[in-house]
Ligand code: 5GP
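Quick setup: one chain, the form predicted alone, written in structure tokens, and binding and motion questions come after.
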């Protein structure tokens, strides 16, 4: 057990901006960084595994967790509920580990209220047109879902000024290097 408490990093941004890819790069580059796996009520996408990308749980179980106040944050995003278990984060921070959350804007702002020391990083696309093309290219949403995600992206982008860092992901290598600098500066 470490005497030093870890730091909490939060990455947010619109769907399709590359948050997950940047998260994976960060987890490979930094040994003392752990990812807190969120709970969700949405169905797994192809290739996703329970307990790896998310904890896939029922609406009933999610409601039970809300009633028991087990979430650090939770929100309804797109077509499902997402939430971060409070105890997972606290245990890792108390063990001296830095924790990375990849959560939506609603959740990030909830965490910031409870834990003002959290370091918020907002990932933006070079343009909405590029974001739309990325969403189309990943083939995970139909036309209606795509419209919803783009409308949500506009709302989320309007809140980026509430974050400590704004990171443009127009070139993955540059964005990863910028993310590395943020982590190093915050240590």
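Positions refer to the first chain, counted from 1. On a predicted model such as this, the values are computed, not experimentally measured, just so you know.
Form predicted together with this ligand: not shown, discussed below.
Only one of the listed residues (61, 29, 42, 147) places a non-hydrogen atom within 4.5 angstroms of this ligand in the predicted complex, and that residue is 42. Of the heavy atoms in residue 54, some are within 4.5 Å of this ligand in the predicted complex.
In the predicted complex, none of the heavy atoms of residue 154 sits within 4.5 Å of a heavy atom of this ligand. When contacts are judged by a 4.5 Å heavy atom cut-off, residue 75 counts as touching this ligand in the predicted complex. Within 4.5 Å of some heavy atom of this ligand in the predicted complex lies at least one heavy atom of residue 138. For the partner-free chain shown, 102, 103, 104, 107 of 97-122 come within 4.5 angstroms of this ligand in the predicted complex, judged by any non-hydrogen atom.
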